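One chain comes next, on its own, written out as structure tokens in the form predicted alone.
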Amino acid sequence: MTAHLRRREDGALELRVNGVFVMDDVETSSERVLAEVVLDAGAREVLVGGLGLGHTLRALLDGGATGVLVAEIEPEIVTWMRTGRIRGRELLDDPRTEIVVGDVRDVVEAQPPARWDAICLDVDNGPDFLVHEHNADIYSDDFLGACRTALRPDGALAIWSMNRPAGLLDALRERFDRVDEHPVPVRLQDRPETYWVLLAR
């Protein structure tokens, strides 16, 4: 995959991967909701799939997380944040943060059982709008099972999606006792949209 940053005419910093819009630094509410739902569920040690522009990581640290492991597959994104091209160097310097450059699937599968209070996944635009085709595996039953194994008994899995993914909701309900849907109204470059955060416990 290939990540690119660009400064839009409206002044926003935009992140694209494989030519696909992923996020910008104007509308960040849904990335923060991804963190807030697991914090509200009591999570303090959290594994995050996707660093992006750092909004989920910032919300976790600001909200009282005691340890955050971030898996980011694009090394350029980590470098841009360390060098200041993306705001957030202090997030990487925070002693509670650990960054691993690698595929979140490999990172989750390498975790000991019952290691994390929560896992937050924001590596795509959702299962119906993949940044890269191989990311479909992230929403597979096998990987959801690996997440469940890495979570503590009362743990939570939160997933960001551009739409309401009915198939993923059904898969989560097969694996978890409770699945909540959090619609997040947003404005995307002056267009009203609704993003979704799914919380499985």
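Note that the coordinates shown come from a computational prediction; the quantities given were computed from them, not determined experimentally. Quick note: we count residues from 1 along the sequence shown, nothing fancier.
Beyond what is shown, the protein has a form predicted in complex with a small molecule; the following relates to that form.
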| item | value |
| --- | --- |
| Stretch in contact in the model of the complex with the small molecule, which is absent here, among 48-56, 61-69, 166-174, 148-156 (heavy atoms within 4.5 Å) | 48-56 |
| Close approach of residue 119 to the small molecule in the model of the complex, 4.5 Å, heavy atom | no |
| Any non-hydrogen atom of residue 84 within 4.5 angstroms of the small molecule in the model of the complex | no |
| Interface membership of residue 44, the small molecule in the model of the complex, 4.5 Å heavy atom rule | no |
| Partner contact for residue 29 in the model of the complex: the small molecule, 4.5 angstroms, heavy atom | no |
| 103, 128, 94, 109 - the one with a heavy atom within 4.5 Å of the small molecule in the model of the complex | 103 |
